[in-house]
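In the form predicted alone, a lone chain appears below as structure tokens.
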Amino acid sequence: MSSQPPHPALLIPGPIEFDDAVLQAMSHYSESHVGMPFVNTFGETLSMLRKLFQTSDPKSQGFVISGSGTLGWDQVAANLVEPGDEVLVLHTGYFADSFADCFETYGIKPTQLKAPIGERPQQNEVEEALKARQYKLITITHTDTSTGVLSEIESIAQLVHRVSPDTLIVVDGVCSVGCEEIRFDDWGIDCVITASQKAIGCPAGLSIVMTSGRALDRFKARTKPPGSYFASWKNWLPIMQNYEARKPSYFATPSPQLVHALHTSLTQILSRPLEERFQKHKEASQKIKKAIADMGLKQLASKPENQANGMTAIYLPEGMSPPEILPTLMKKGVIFAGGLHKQIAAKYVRFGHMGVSVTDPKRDDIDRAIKALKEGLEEVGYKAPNGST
């Protein structure tokens, strides 16, 4: 049984429910961030991240910096491109808009390739865009948290390498790392950004990035200094390299307690084959999506190949809005998120199913959520077609 106080199951697309051991790691006594006990823990954490991202290339490098997933955008925009550079942003929802805004803040010129809500840009569209202009990098949101749309990273990466080999491949994996397969080396990815509080299963507060040797070479060849101080790899790269080599180093104070929690979470994740973890998330996702269809409800991502395994965006019955159902779900011990996509935010809710809610057999979070959604909709007056509730 969990030692946490009773609380509703947090089933939003992050933060997620946390394992007791991860939370207990946060209570670690205070220690010096340049003392060897912490340096060793941080170094092991950076080494474990290589296994999570599936990279064995010694030229690649992980970064763990205090901040949210959004700081990953700043790291990309500040370090991998320069003012006036052109970048291609594949759009599957709200977070592509935000990434584009971040680029513009740094004087970068983003071109967005947009798909209809619930869809993703098609291969031929991406190829046409890449042939029309030389882009310094392309960004792909692996799972867009606003729509639940899953992008196909491997085939896009192959396309980029074939059509525009000098274009860096950047993946926004904030809502995918830890629940969707990512093969950093095999797929030839240059940068993946993520955060601690989603499928990795650690409290919020850490921006996590993995970069390729090619991306670091691009950074080192800049003609202008990075446009940020805190996000600059000029400041952070030697720190991360030193920590991973178990050498004390300092630029800005990290969060030792959060790093301990991340170390614990990664130890748990890597104690079993990653393929098994991805399969569990896929099975839970398919169970949820079948239950939603049985209730007569539709997803924003209507095609199976577009549907993420760590979250589901669900259209509410016609005329119903999130404030009508979310309080009912909370009373039943389940917390979902409201809509986020600006055009349709009042029409849908989001169900996050990542981490221990999926992988811990002692938890009944998923079954409880399905039951709560079914009963909650009935209580607010919804009758499914053909009595399928």
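Residue indices: 1-based, along the sequence shown. Values in this document were obtained by computation on a predicted structure and should not be read as measured data.
Unshown form predicted in complex with another copy of the chain; subsequent notes refer to it.
Although the partner is absent from this view, residue 226 contacts another copy of the chain in the model of the complex, with a non-hydrogen atom inside 4.5 angstroms. Using a 4.5 angstroms limit between non-hydrogen atoms, residue 73 touches another copy of the chain in the model of the complex. Among residues of the shown chain, residue 373 is not one whose heavy atoms approach another copy of the chain to within 4.5 Å in the model of the complex. A residue is said to contact a partner when one of its heavy atoms sits within 4.5 Å of a partner heavy atom; residue 383 fails this definition for another copy of the chain in the model of the complex, lying far away. Comment: another copy of the chain is not present in this chain, but in the model of the complex one of 245, 293, 132, 252 has a heavy atom within 4.5 Å of it, namely 252. Proximity to another copy of the chain in the model of the complex, taken as a non-hydrogen atom within 4.5 angstroms, holds for one residue of 230, 315, 278, 187, which is 230.
With another copy of the chain omitted here, the record of contacts in the model of the complex names 252 to 260 of 163 to 171, 252 to 260, 211 to 219, 117 to 125, defined by a heavy atom within 4.5 Å. Taking another copy of the chain as it sits in the model of the complex, the stretch 278 to 297 never comes within 4.5 angstroms of it through any non-hydrogen atom.
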